[in-house]
Structures are given as C-alpha cells and as structure tokens.
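Presented as structure tokens, the chain that follows is alone, the form predicted on its own.
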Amino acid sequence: MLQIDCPWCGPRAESEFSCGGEGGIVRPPNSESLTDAEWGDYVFMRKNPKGVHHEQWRHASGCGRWFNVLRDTVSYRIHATWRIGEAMPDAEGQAAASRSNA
C-alpha cells in the first residue's frame, strides 16, 4: 500500500487521501477579459504526463486539508509533499519535475 506523508499529520495510508488533480494551477488575472477558448483552457485543460507530476491531494479521512504532492505517475513514488502556499521543497523531485517538463 502506498504511504503518503501528510504535511500536518505525517505518514498515512493512501486510502485516507483523495487526489484533486493537477496542482499549482493559478487563476488567471483579469479572468473577465479572457476569451471563451482561454477560459476553457484554464478550466478544463490539464497535463497528463508520464513521469513526475505536480498534483494536489486532500487528507479526506484525516485533517481534511489540501496539500501538494510531487508524484511519479509511472512508479507511483512520491518525491515530496508540502503545504499549499509554501515553496516546493528542494528535493530530488524538483529536478525530476524539471526533466519531465523539458
């Protein structure tokens, strides 16, 4: 079973969490001036990489808080977890994320 390190509660079983999709998506400034196509891209278009991916997860059966996860979509290995609003930790996962976006 996969263990996920909640930034508030510590390591817990994967069954306590729910994935909320891609992380780090910022609402565009001046969203009222976007075209329908630009708004559609913001709302619906998400990356689906093979490799390290920045996701947001919720500790649904625990503290209920959202947090960021850097997870490999092939091996399911979690490289890092960190709180929303904090900078991504300087971990090997950050380098791996850079490689997957190249």
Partner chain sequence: MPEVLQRKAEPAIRRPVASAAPVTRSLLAGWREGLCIVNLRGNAEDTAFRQAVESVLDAPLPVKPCTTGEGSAVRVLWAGPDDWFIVGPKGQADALATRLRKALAGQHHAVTDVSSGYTVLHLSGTPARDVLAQGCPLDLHPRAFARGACAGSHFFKAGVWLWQTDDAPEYELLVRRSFAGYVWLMLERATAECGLVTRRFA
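Residue numbers count along the first chain shown, from 1. Everything quoted here is computed from the prediction, not taken from an experiment.
There is another form of the same protein, the form predicted together with the partner chain; it is not shown, and what comes next is about it.
Trainee: Please name which of the stretches 68 to 76, 22 to 30, 41 to 49, 55 to 63 has residues with heavy atoms lying within 4.5 Å of the partner chain in the model of the complex.
Mentor: Looking at the other structure, the answer is 55 to 63.
Trainee: With the partner left out here, check for me: in the model of the complex, does some heavy atom of residue 9 sit within 4.5 Å of the partner chain?
Mentor: Close contact exists here: in the model of the complex, residue 9 approaches the partner chain to within 4.5 Å, heavy atoms only.
Trainee: Please determine whether residue 15 contacts the partner chain in the model of the complex, using a 4.5 Å cut-off between heavy atoms.
Mentor: Residue-level check for residue 15: yes, a contact with the partner chain.
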